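A single chain comes next, written as structure tokens; it is the form predicted on its own.
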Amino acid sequence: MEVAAAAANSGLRTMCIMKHVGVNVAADPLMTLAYVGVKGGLVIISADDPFMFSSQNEQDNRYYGKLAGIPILEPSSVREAKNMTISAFELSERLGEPVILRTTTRINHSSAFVDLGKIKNRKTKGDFKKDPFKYVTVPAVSRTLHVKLLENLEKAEKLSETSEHNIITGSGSWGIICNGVSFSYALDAVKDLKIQDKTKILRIGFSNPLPPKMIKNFAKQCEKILVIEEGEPFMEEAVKAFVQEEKLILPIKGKHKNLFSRLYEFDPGMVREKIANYFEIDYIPRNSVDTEKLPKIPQRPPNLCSGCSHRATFYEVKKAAKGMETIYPTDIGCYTLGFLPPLSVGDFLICMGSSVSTSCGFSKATDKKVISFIGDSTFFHSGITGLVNAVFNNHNFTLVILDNGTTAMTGHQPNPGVDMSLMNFDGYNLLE
């Protein structure tokens, strides 16, 4: 994020890509970068993960846009993801602010044909013009920058009101407000339930700031509204506030024990059923495929690959620690799977790099032998600072750094511990 911030303030278009939990790490610079702004477009891709297919939580990163005071765009399809990326750059440059493009698992795990436009010439060199009273965020400067940020947020709200990404389809007095992949589910459900003439849908694609006038006008035409959004009630709470400002009285529901959960992914069948229940439509759910007579599929939980060297490492560590009372903090990577039997080496994990720093805490709080594990890529990502702290404070634990020679679980990209000459790349410094 910091690299991208500097490049964007040198006039270059820059993209910073991460999963939802990555924004937690990037949040420190992001919050203040919103004050500073950008000269070239800066788009932040946040890939949220409802159901936690490969994550330790399912946080809803729309709140980061609200917290930082920067715009968010949310695609409902692969084609929109491509088109909204272009819009996000244009919006970033128009407002002089970073823009979050929030995707979710179902969009990212889909494929589709897209239309390519004319590819512009790449601009890879810019220039930074010094202006410390705009770029050096001491308190006196930041007070002025915060005023500018709020002015930009007002401009963004006006743009949201007329954005092509906020659309209304259908007609009728039953209202549905939705976002992302839920829009596709809602469209299918309305068609399947044959309520096109009774229902209109407001799809929010420009979700921060939300368009108050558009939502209020939509609500005035509805006798009841259902808000469909995976994750938290981000839109639902705002919609209720906007409707109250207009002194309108109508039912508005979304997150409810009989409707949509804050947990996990939605699916078309579930959305169809909840719409039918809320609008009191006679509906018989489709029968599930009868699998009773089929043989049971053997369960295959995630496991370390056959022949993986981590197996031998864990085995040897456990043999060496035999007879000791031990705690095994682990980290995020292939080796996390060592927590499963029969290896059972992994007792605590919260985020990337946490095995090192939590070992510091366990070593001070207990008298048990603390042995922690971390991969080379994760160590360079965020484990190294914990180790510096541990050495300085004389914390007593054993750290095992697993040298994979790559980023083994999540992309196979190189890290600072990889000998790039083995891949016929030069110009990189190898850390001995």
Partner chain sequence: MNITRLIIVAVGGQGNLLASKVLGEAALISDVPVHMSEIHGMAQRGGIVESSIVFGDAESTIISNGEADILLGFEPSETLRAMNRCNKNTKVITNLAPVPSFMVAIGKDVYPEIEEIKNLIKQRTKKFIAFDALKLAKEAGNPMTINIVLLGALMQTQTLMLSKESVQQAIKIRTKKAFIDMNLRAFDLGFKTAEMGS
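Positions refer to the first chain, counted from 1. None of the values given here were measured: they were computed from a predicted structure.
One more form of this protein should be noted, the form predicted together with the partner chain, which is absent from this view; the next part is about it.
Of the candidates 257, 118, 296, 247, 296 is the one whose heavy atoms come within 4.5 Å of the partner chain in the predicted bound form; the others do not. The contact residue chosen from 185, 174, 89, 362 relative to the partner chain in the predicted bound form is 185, the criterion being a non-hydrogen atom within 4.5 angstroms. In the predicted bound form, the partner chain lies within 4.5 Å of some heavy atom of residue 53. Contact check for residue 157: no non-hydrogen atom falls within 4.5 Å of the partner chain in the predicted bound form.
Using a 4.5 angstroms limit between non-hydrogen atoms, residue 240 is distant from the partner chain in the predicted bound form.
When contacts are judged by a 4.5 Å heavy atom cut-off, residue 334 counts as touching the partner chain in the predicted bound form. With the partner chain omitted here, the record of contacts in the predicted bound form names 279-287 of 199-207, 232-240, 279-287, 352-360, defined by a heavy atom within 4.5 Å.
No member of the trio 19, 124 and 406 reaches the partner chain in the predicted bound form with any non-hydrogen atom inside 4.5 Å. Within 4.5 angstroms of the partner chain in the predicted bound form, the stretch 73-106 places a non-hydrogen atom from each of 105, 106, taken in sequence order.
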